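Form predicted on its own, single chain, as structure tokens, below.
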């Protein structure tokens, strides 16, 4: 990484620190607290996997950090998002725009809606370069755009770069988005469900590319997904989010082999396996909660097999507490779950590094 006057962090040091982030939306049914006190760090050279069901708040968290939420309906109630010495949540819009794309870049879930249909791919990548370096001549930016496309594995990049997004396959469009994201060598790369719409073969290629980009640039990476196979393949550490709150966090091996929250255990039980003869997948009962009328106590208790009618789960929201080295969980009965996990047949997950061999 290039020196940006205190921007890039040494390997292993936090690049982004999110602290006690609360985000609310105004809806016709009432106020939705989509993010409720989320805190996590991501370090230089690290991939942090953020996992949870749709609507749990994992994407809203990073959109709030980048100032990309709709202003009319969304608001950040409190929190910090520290990038170096800057709190991104308190930057004026002009300064935040200078950070986006330069210091922090995001690869969105659907590249077709992120690329302009009336502009060539080369033009769009070149403009991403010139947006942060107005002294860069157009011809140099176009040449660099082709180099970036070649670097992310686009065959015959000079010719293909003159094409339009609709002329590219989904996998190629995602490569173009990654090329655009790394164009300015960001300190932090955020990938939001980058493989959801891709077939298994192309998914593997995109994941390999993200891994290669991390190794080449040393950037911190936040990988947002509902797919635990992808997490097993890519992540160093994992943050599990439910109903807008972090319910478990730890290194990937610990999360997969010794989960201490019933929600994490349920997600792992639903992960397809190639190394067992299990004929069907276990499903978490019920539905995620209505965040307008959030359940009292632990938000997961209506779906939790460990609850067993105990009043503490209904009356008291559990804190995110240390349950092991570098491992925290928000469950009143995390110790009981350790024994439950050891007895549960077929509930362990794929070895990290194996996935996504079991297609999601």
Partner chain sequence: MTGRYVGRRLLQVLPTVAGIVLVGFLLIHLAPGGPIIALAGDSGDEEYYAFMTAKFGLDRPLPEQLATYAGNVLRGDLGVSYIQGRPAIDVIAERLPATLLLAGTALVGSSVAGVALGAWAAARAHSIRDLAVTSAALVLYAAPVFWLGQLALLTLALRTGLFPVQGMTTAGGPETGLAWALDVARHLALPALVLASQEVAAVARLTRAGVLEELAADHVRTALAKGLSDRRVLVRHALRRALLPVVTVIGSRPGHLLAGTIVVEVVFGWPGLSRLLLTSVQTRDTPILLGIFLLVAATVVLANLVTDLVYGWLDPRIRYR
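Remember, predicted model here, so these are calculated numbers, not experimental data. Positions refer to the first chain, counted from 1.
Keep in mind that the form predicted together with the partner chain is missing from the display, and what follows is about it.
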Which of 148 to 156, 260 to 268, 125 to 133, 206 to 214 lines the interface with the partner chain in the predicted bound form (heavy atom within 4.5 Å): 125 to 133
Whether 44, 78 and 222 all lie within 4.5 angstroms of the partner chain in the predicted bound form by heavy atom: no
Selected contact from 218, 101, 170, 84, since only one has a non-hydrogen atom within 4.5 angstroms of the partner chain in the predicted bound form: 101
Partner-contacting position among 228, 191, 177, 255 - heavy atom within 4.5 Å of the partner chain in the predicted bound form: 177
The partner chain contact at residue 240 in the predicted bound form, heavy atom, 4.5 Å: no
Any non-hydrogen atom of residue 166 within 4.5 angstroms of the partner chain in the predicted bound form: yes
Any non-hydrogen atom of residue 97 within 4.5 angstroms of the partner chain in the predicted bound form: yes
The partner chain contact in the predicted bound form: residue 232, any heavy atom under 4.5 Å: no
Sequence-ordered list of residues in 228 to 250 near the partner chain in the predicted bound form, where near means a heavy atom within 4.5 Å: none
